[in-house]
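Have a look below at one chain only, the form predicted on its own, in structure tokens format.
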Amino acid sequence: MLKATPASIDGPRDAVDPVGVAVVGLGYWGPNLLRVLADKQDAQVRWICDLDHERLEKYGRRYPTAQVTSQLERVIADPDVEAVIIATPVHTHYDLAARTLEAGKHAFVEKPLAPSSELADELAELASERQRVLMCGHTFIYSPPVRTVKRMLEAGTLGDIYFISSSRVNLGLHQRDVSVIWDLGPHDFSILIYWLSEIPTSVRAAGRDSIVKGIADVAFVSLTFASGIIANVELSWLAPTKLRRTVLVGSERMVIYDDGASEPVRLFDRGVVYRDPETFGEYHLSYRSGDILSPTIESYEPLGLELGDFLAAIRAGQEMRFHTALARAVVRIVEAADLSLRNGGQEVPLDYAEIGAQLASRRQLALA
């Protein structure tokens, strides 16, 4: 499990005492958050909030112990609400999270943290000033296969990483307010940052708005890292089948992470050995093709572990600095990729020493 960095919030609280929470937003992902929280003994869902009255009525019947409202003010005015879970459209994240933190509540915000890096930084600063936990819902870094690959990287199983190639495509769901980069990109960008513990030095993106004018529905994003690693991420709402597949190629071995497959992680003992030429125009390459290993993958719901970390940090009086740094880095990458796309694929440099230092300090993450 990812360990939070101690800080003085309210001091430790009784582990038996449940955290009073509210869920704001009952659209695509909110009901999943609500379901997991309702099943947790260390959480008590006190409020359900949404602008859609039909949704409120539906989930109010399903969770009768929670109060329902369409007004955030009623939620944050309740002294028994300690944390607010925000699962609303991207353009509302900053406003709702800022109001939550200013009211002295802890905030869990679905990805991405904010619609710009400037606003993401403001949220991080506000959380620090108010000594509140701020966490962004990058659920994939809690995925068992993703963590299995992380352990391989930390153990040096793959050797030096040469490049990473990722595809995250499906038919829909088209978003009304953001491009496919803002919608799907945060998943892969958060996984890459979690695996590598570094932010790219530059980003390029190419794509097009095939269906809705002004909203890109396909994009190819290239990321360059200071370590020499390059990564290419394919994102699309226009594909005949759903695919979430990442290939990591190293000097010693290669691995495929295929989310949703019966064998989500496969390790290939394959590679190329190069020897310096002894004569002009001569070179020697030998290809190694060994065993393919499918490691045993743990079985648990990532969302449950993620929300468990959030609740535990609140109870223990801790900040989640790595998570905040990761969320800010993701917004920067998405923002840079979006800018590159609008500028015809122009390279956009990234140089954020503070965030980079925070990520680098956590290269050896404690894993569950």
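Nothing here was measured: the structure is a model prediction, and the numbers come from that model. Residue numbers here begin at 1 and follow the sequence given.
The next section is about a form of this same protein that is not shown, the form predicted together with a small molecule.
- With the small molecule omitted here, the record of contacts in the predicted bound form names 42-50 of 42-50, 315-323, 339-347, 60-68, defined by a heavy atom within 4.5 Å.
- With the partner omitted from this view, the residue of P264, G207, G137, P115 that lies near the small molecule in the predicted bound form is G137 [heavy atom within 4.5 Å].
- Put simply, of I164, L96, I141, L223 only one has a heavy atom within 4.5 Å of the small molecule in the predicted bound form, and it is L96.
- In the predicted bound form, the small molecule sits within 4.5 Å of a heavy atom belonging to V24.
- In the predicted bound form, the small molecule lies within 4.5 Å of some heavy atom of K111.
- Although the partner is absent here, V255 lies well away from the small molecule in the predicted bound form, with no heavy atom inside 4.5 Å.
- Interface membership of T92, defined by any non-hydrogen atom within 4.5 Å of the small molecule in the predicted bound form, is confirmed.
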